[in-house]
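For reference, the chain that follows is the form predicted on its own, supplied as C-alpha cells.
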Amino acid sequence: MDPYQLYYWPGLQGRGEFIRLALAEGGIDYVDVARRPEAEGGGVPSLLRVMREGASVPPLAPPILVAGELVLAQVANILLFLGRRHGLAPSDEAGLYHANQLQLTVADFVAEVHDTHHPIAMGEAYETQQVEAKRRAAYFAKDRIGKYLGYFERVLEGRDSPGGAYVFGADPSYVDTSLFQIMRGIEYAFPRAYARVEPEVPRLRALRDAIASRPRIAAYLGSPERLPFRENGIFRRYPELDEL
C-alpha cells in the first residue's frame, strides 16, 4: 500500500499533530505533503488543491488524509479510520465508539484552547482582541482546564494499573496519544494554571510519561518532524493570559 498523504499547514503542529502522533505510534508510513517544497508538489498550493479538487465531498479545512481514492477530513474522523485499520483503537463496537467519543471531547477542549487567544475572530490578529482574550483565558484557566483534565482523569480511574494504564488497557490507542498532546500543550500555554491542576491528575501525568517513552513516539519527538509549540498555533504561551 502506498504511504498515506497528510495535508496540513506547513510550519505548524496545530490539529495535524494529533494525526502525526497516531501515525508515529502505529509505525505507519505517510508523507507530510505540504511540508515539501512547492517545486516538489508540496507547500500551501498542494493543500489548497486537495481542498478544492481532491474529493467528492470536499474538506472544509485541514488536516486531510488521503488513502488511495479516499479523502478524509476532521481529526476525530481521520483517527477513527486509522484506529480501525491499524489497531490504534479497540476492536469491539462499543470500544470503537467510546474512543471516538473521547476524541470528540478532546476536539471540544482544543476549540476552547484556541478561543482563549482568538475569542472574537479567527482571521484577526491576537493583538486586536487582547482585552477579550484576557477575559476568556481567565475563565478557561480557572474553570475549564480542571474540568476537562479532571474528566479524563476519571476515565482512567479503575484501570488495571492505576497511574500507568492506557485508556483502553495494556495497549495505547489514538486517544492516548491525543491526551499526551493536550497535556504537553496546556503545560506549554498555561504553565501557571497547569501547575495548579497537575497534582489532581496523577493518572494523566503517568499516561503522558508512558506515551513519551514509547519507542516510536520518543523517536518522533526527537526528530525534525516534531515542530515546537509556537505562538502561531493552537497552544500559545502569552504570559498575560496565564495570570491567576
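Since the model is a prediction, treat every value here as computed from it, not as a measurement. Position 1 is the first residue in the sequence shown; the rest follow in order.
The same protein also has a form predicted in complex with another copy of the chain, omitted here; what follows describes it.
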Check: All three of 70, 73 and 121 touching another copy of the chain in the predicted bound form at 4.5 Å, heavy atom to heavy atom?
Finding: yes
Note to self: By the heavy atom within 4.5 Å rule, which residue out of 58, 41, 202, 215 makes contact with another copy of the chain in the predicted bound form?
What the structure shows: 58
Check: Might residue 166 be said to contact another copy of the chain in the predicted bound form, defining contact as any heavy atom within 4.5 Å?
Finding: no
Margin query: Taking any heavy atom pair closer than or equal to 4.5 Å as contact, tell me whether residue 86 reaches another copy of the chain in the predicted bound form.
Written below: no
Note to self: Can you tell me whether residue 80 touches another copy of the chain? I mean in the predicted bound form, with a 4.5 angstroms heavy atom cut-off.
What the structure shows: yes
Check: Any of the heavy atoms of residue 171 lying within 4.5 Å of another copy of the chain in the predicted bound form?
Finding: no
Notebook entry, point to check: What are the residues of 88 to 118, in order along the chain, with a heavy atom within 4.5 Å of another copy of the chain in the predicted bound form?
Noted result: 93, 94, 96, 97, 98, 100, 101, 102, 104, 105, 108, 112, 115, 118
